[in-house]
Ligand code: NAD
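Before any questions on binding or motion, here is one chain by itself as structure tokens, the form predicted alone.
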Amino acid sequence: MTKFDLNLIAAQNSPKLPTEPFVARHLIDGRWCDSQDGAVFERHSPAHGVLVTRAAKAGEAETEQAIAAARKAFDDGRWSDVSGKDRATLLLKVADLIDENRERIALLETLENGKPITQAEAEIEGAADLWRYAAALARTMHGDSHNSLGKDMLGVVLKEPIGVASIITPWNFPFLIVSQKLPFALAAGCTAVVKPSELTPATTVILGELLVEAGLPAGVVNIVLGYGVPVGAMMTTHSQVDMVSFTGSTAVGKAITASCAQTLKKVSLELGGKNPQVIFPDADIDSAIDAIVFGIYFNAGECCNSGSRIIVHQDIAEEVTKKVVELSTKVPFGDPLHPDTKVGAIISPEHQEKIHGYVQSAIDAGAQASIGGGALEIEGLPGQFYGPTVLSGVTSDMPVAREEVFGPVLSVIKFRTLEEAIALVNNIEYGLSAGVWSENVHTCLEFARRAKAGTVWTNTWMDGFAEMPFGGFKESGAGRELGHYGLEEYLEVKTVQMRIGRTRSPWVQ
């Protein structure tokens, strides 16, 4: 493998590093509280090694209290009976408060997660937009009426909040993903129990502070900090919970589905992806190269939408691979607190080992690392970083080509025909997103219709809008977030049939 000089950004003498940890507590029934047994857990920065957060660690008692508070708040109507206008007004207040606290939220997200500070700031801005969009849905939500059932009948379809929602969020986009769920649940009139990842609890706690400041009634949103056992397990099995919304790995999603089956809860899942970008010979190659590099290195590849495999026509495969490698050397990896950094730290040492295991397995099976293939050392930073990695000579049966690596590792696979490309796209268990690059609109449309994926991008990658639904086919999930579909996940449909005349003949004469 040729050695390359990479664009590495050393540690800065940043005054933003905390001297004292953020103290995170549970929000239960409108009160901030520690765990009854005093248990806590700590989160250190994956880039800088400093202690960032000390959080209360919930057990069964705190989880039970949070669920009971959400149940009571829903049943007494303090939120579910509020008008759409009043719900929207509060959601808009929260959006404004998010904007006012953007720098504070972004800093803690960077310190806990390791992502670049500029990326975190953009995500917090996007999260505020989601709260505003959900506010619009709160005011425009409606059912249906049917006046064609006969002159003496009127049919009404009501859409009502489902009840108590358990919301379980991951570590890779902690503030953005809770904002893809919670404001839609609130717009529908639900109450909620929220559990952020134990790796990134701080920003969800700050969101709780903003909800309290905005005037949300006590008990409507409860935040419980801790681990999957017992907190997450109770949130998915408790009889007083009506639905579960989870974002995370497919393996955990399957386990949650099995747990929810015991009480037939509704389940909304956004799970893993092994997302392809298919590049045809007539593509705008330079635009495609930029999108490929963005798609694999954004958030250090720790992204369900990561474009982790490119399926490239054999006539241009060598050119595309060379250009991807060249551009990869220019991507700034390093200190996430530096404004020029585009790729920060890997979330944990264990995850870094997992990433490298996939890379080494592929190389052992005959793939070649055109660039990267190992950890990076960043001057002045004790945390874990993984280098930009492009694997060529990958075959579709290798685990690196079929399984979610969740790191900055790109697999290059060749194809010859459109049929072969679509077969490669669809011949895996995942179906979250896919992309196609071609100047031929017919190629793009045929690909979009035949790709088994919840989102298809044509001549772009990872654009997103609050109005557009997001979710996956197959083992990438169930249900949708965003758009009006995201609201409907939190609604039940009720049929009301009304006889308004007296023309019905008696059944018994």
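These figures come from a predicted structure and were not determined experimentally. The first residue of the sequence shown is number 1, and the count goes up from there.
Only in words, not in the display: the form predicted together with the ligand, which the text now covers.
Residues of just one listed stretch (287 to 295, 74 to 82, 267 to 275, 127 to 135) have heavy atoms within 4.5 Å of the ligand in the model of the complex: 267 to 275. Contact with the ligand in the model of the complex, defined as a heavy atom within 4.5 Å, is made by none of 311, 362 and 407.
Site annotation in the model of the complex: the residue of 106, 421, 279, 168 reaching within 4.5 Å of the ligand with a heavy atom is 168.
177 is the sole member of 185, 177, 434, 91 with a non-hydrogen atom lying within 4.5 angstroms of the ligand in the model of the complex. When contacts are judged by a 4.5 Å heavy atom cut-off, residue 470 counts as touching the ligand in the model of the complex.
Not displayed here, the ligand is approached by residue 256 to within 4.5 Å at the level of heavy atoms in the model of the complex. Among residues of the shown chain, residue 228 is one whose heavy atoms approach the ligand to within 4.5 Å in the model of the complex.
Taking the partner from the other structure, the ligand in the model of the complex has a heavy atom within 4.5 Å of a heavy atom of residue 195.
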